[in-house]
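Okay, here we've got a single chain as C-alpha coordinates, the form predicted on its own, with questions on binding and movement later.
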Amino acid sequence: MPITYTSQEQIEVYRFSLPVTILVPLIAIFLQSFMPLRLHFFSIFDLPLLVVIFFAVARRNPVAGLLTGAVVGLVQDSLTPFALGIYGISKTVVGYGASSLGAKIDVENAGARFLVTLVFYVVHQVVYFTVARGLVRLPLHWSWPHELTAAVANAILAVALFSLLDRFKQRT
(Lines give C-alpha, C1' and ligand atoms only; values in the text may rest on other atoms or scores of the structure.)
Protein backbone atom coordinates (compact mmCIF):
# COMPACT_ATOMS: atom_id res chain seq x y z
CA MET A 1 0.00 0.00 0.00
CA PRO A 2 1.70 3.24 -1.08
CA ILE A 3 1.92 6.16 1.30
CA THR A 4 0.77 9.39 -0.31
CA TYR A 5 1.43 12.93 0.76
CA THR A 6 -1.35 15.45 0.47
CA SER A 7 -0.24 19.02 -0.20
CA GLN A 8 -1.88 21.99 1.50
CA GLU A 9 -3.55 22.98 -1.78
CA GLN A 10 -5.23 19.56 -2.10
CA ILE A 11 -6.76 19.55 1.38
CA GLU A 12 -10.35 20.74 1.57
CA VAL A 13 -11.08 23.17 4.37
CA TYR A 14 -14.70 23.40 5.44
CA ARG A 15 -16.77 25.88 7.35
CA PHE A 16 -20.15 25.57 8.99
CA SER A 17 -23.14 27.86 9.33
CA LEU A 18 -23.60 29.61 12.67
CA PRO A 19 -26.67 27.54 13.69
CA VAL A 20 -24.76 24.30 13.01
CA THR A 21 -21.70 25.57 14.86
CA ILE A 22 -23.81 26.30 17.94
CA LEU A 23 -26.57 23.69 17.85
CA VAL A 24 -24.57 20.54 17.09
CA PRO A 25 -22.27 20.88 20.14
CA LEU A 26 -25.22 21.88 22.36
CA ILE A 27 -27.22 18.86 21.24
CA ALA A 28 -24.22 16.61 21.87
CA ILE A 29 -23.74 18.05 25.36
CA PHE A 30 -27.47 17.74 26.10
CA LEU A 31 -27.55 14.11 24.96
CA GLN A 32 -24.37 13.35 26.91
CA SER A 33 -25.89 14.83 30.05
CA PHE A 34 -29.25 13.08 29.96
CA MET A 35 -29.00 9.88 27.90
CA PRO A 36 -26.88 7.93 30.43
CA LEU A 37 -29.58 8.52 33.05
CA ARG A 38 -32.04 6.44 31.00
CA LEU A 39 -29.68 4.22 29.00
CA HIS A 40 -26.74 3.32 31.26
CA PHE A 41 -24.65 1.82 28.42
CA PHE A 42 -24.60 5.27 26.78
CA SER A 43 -22.13 6.52 29.40
CA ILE A 44 -19.33 4.81 27.45
CA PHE A 45 -19.75 7.39 24.65
CA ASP A 46 -18.42 10.95 24.69
CA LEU A 47 -20.50 12.83 22.12
CA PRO A 48 -19.01 16.27 22.86
CA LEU A 49 -15.54 14.85 22.22
CA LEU A 50 -16.66 13.38 18.90
CA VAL A 51 -18.13 16.74 17.88
CA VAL A 52 -14.86 18.50 18.80
CA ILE A 53 -12.87 16.00 16.72
CA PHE A 54 -15.24 16.37 13.75
CA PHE A 55 -15.17 20.17 13.70
CA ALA A 56 -11.40 20.25 14.29
CA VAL A 57 -10.49 17.92 11.41
CA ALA A 58 -13.04 19.55 9.08
CA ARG A 59 -11.85 23.11 9.69
CA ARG A 60 -8.15 22.16 9.75
CA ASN A 61 -7.29 25.31 11.70
CA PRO A 62 -5.48 24.73 15.02
CA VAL A 63 -6.81 27.93 16.59
CA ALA A 64 -10.41 27.09 15.63
CA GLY A 65 -9.94 23.53 16.92
CA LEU A 66 -8.45 24.79 20.16
CA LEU A 67 -11.31 27.25 20.72
CA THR A 68 -13.98 24.70 19.81
CA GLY A 69 -12.50 22.22 22.28
CA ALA A 70 -12.21 24.84 25.01
CA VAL A 71 -15.78 26.11 24.65
CA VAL A 72 -17.35 22.65 24.40
CA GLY A 73 -15.26 21.40 27.31
CA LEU A 74 -16.12 24.36 29.55
CA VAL A 75 -19.84 24.04 28.80
CA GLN A 76 -19.60 20.33 29.59
CA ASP A 77 -17.70 21.18 32.80
CA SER A 78 -20.45 23.56 33.87
CA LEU A 79 -22.88 20.62 33.98
CA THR A 80 -20.71 18.50 36.28
CA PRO A 81 -20.19 18.84 40.02
CA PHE A 82 -16.40 18.77 39.57
CA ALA A 83 -13.91 21.59 39.13
CA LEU A 84 -14.44 23.84 36.13
CA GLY A 85 -11.82 23.26 33.47
CA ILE A 86 -11.08 19.53 33.54
CA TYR A 87 -13.02 18.79 30.36
CA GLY A 88 -12.01 22.21 29.05
CA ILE A 89 -8.31 21.38 29.21
CA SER A 90 -8.61 17.88 27.78
CA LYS A 91 -10.91 18.88 24.91
CA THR A 92 -8.70 21.89 24.12
CA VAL A 93 -5.70 19.57 23.72
CA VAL A 94 -7.74 17.23 21.50
CA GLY A 95 -9.17 20.08 19.40
CA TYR A 96 -5.72 21.51 18.76
CA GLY A 97 -4.18 18.12 18.00
CA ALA A 98 -7.00 16.93 15.74
CA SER A 99 -7.04 20.13 13.70
CA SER A 100 -3.25 20.09 13.37
CA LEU A 101 -3.36 16.48 12.21
CA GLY A 102 -6.28 17.22 9.88
CA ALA A 103 -4.17 19.90 8.20
CA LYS A 104 -1.40 17.37 7.48
CA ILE A 105 -3.32 14.28 6.33
CA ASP A 106 -6.64 13.54 4.67
CA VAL A 107 -9.13 12.29 7.24
CA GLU A 108 -12.16 12.01 5.00
CA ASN A 109 -12.38 8.22 4.75
CA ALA A 110 -13.88 5.88 7.33
CA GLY A 111 -10.61 4.15 8.23
CA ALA A 112 -8.78 7.39 8.91
CA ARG A 113 -11.72 8.71 10.93
CA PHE A 114 -11.79 5.51 12.98
CA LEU A 115 -8.07 5.70 13.75
CA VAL A 116 -8.07 9.44 14.48
CA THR A 117 -10.99 9.07 16.88
CA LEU A 118 -9.42 6.03 18.54
CA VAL A 119 -6.15 7.86 19.16
CA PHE A 120 -7.70 11.14 20.27
CA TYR A 121 -10.14 9.38 22.61
CA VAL A 122 -7.18 7.82 24.41
CA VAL A 123 -5.34 11.18 24.42
CA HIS A 124 -8.45 12.84 25.88
CA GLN A 125 -8.76 10.22 28.61
CA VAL A 126 -5.06 10.43 29.52
CA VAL A 127 -5.18 14.24 29.75
CA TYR A 128 -8.47 14.15 31.67
CA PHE A 129 -7.14 11.53 34.10
CA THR A 130 -3.87 13.41 34.60
CA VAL A 131 -5.58 16.74 35.30
CA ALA A 132 -8.39 15.27 37.43
CA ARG A 133 -6.14 13.02 39.48
CA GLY A 134 -2.95 15.08 39.55
CA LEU A 135 -4.24 18.63 39.88
CA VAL A 136 -7.76 18.34 41.26
CA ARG A 137 -7.12 15.19 43.33
CA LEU A 138 -10.28 13.37 42.20
CA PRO A 139 -10.26 9.70 43.24
CA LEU A 140 -10.22 8.20 39.73
CA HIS A 141 -8.97 4.77 38.74
CA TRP A 142 -7.49 3.90 35.34
CA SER A 143 -8.51 0.69 33.58
CA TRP A 144 -6.86 -0.05 30.23
CA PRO A 145 -9.46 -2.64 29.15
CA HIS A 146 -12.31 -0.22 29.85
CA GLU A 147 -10.59 2.72 28.15
CA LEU A 148 -9.67 0.73 25.04
CA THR A 149 -13.19 -0.71 24.78
CA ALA A 150 -14.63 2.79 25.10
CA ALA A 151 -12.15 4.08 22.51
CA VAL A 152 -13.25 1.43 19.98
CA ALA A 153 -16.95 2.07 20.72
CA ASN A 154 -16.49 5.83 20.27
CA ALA A 155 -14.49 5.32 17.07
CA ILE A 156 -17.25 3.14 15.59
CA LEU A 157 -19.89 5.72 16.55
CA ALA A 158 -17.68 8.49 15.14
CA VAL A 159 -17.57 6.93 11.68
CA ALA A 160 -21.38 6.94 11.52
CA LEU A 161 -21.76 10.33 13.19
CA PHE A 162 -19.14 12.02 11.00
CA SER A 163 -20.85 10.80 7.83
CA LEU A 164 -24.11 12.28 9.15
CA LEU A 165 -22.42 15.59 10.05
CA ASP A 166 -20.72 15.75 6.63
CA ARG A 167 -24.04 17.02 5.28
CA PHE A 168 -23.53 20.31 7.09
CA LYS A 169 -20.12 21.07 5.58
CA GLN A 170 -19.69 24.12 3.38
CA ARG A 171 -16.58 24.55 1.25
CA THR A 172 -14.53 27.67 1.79
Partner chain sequence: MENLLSRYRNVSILVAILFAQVLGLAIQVRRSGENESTRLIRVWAVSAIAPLEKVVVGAQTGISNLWHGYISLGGIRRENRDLKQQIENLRLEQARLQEDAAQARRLQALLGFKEQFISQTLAAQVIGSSGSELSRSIYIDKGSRDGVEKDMAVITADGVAGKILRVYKSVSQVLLVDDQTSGVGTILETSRLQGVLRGKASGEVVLEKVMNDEPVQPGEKVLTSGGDQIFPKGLLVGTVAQVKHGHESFLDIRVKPAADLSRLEEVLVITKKEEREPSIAEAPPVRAIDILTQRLPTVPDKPAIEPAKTQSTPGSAPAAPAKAGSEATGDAKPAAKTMSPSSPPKPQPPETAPRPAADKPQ
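Please read these numbers as outputs of a predicted model, since none were measured by experiment. Positions refer to the first chain, counted from 1.
Another form exists, predicted together with its partner chain; not displayed. Remarks below refer to it.
In the predicted bound form, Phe129 approaches its partner chain with a heavy atom inside 4.5 Å. Taking non-hydrogen atoms only, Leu101 never approaches its partner chain to within 4.5 angstroms in the predicted bound form.
Contact check for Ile44: a heavy atom falls within 4.5 Å of its partner chain in the predicted bound form.
Using a 4.5 angstroms threshold between heavy atoms, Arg133 stays clear of its partner chain in the predicted bound form. For the partner-free chain shown, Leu26, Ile29, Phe30, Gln32, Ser33, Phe34, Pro36, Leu37, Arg38, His40, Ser43, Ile44 of 25-52 come within 4.5 angstroms of its partner chain in the predicted bound form, judged by any non-hydrogen atom.
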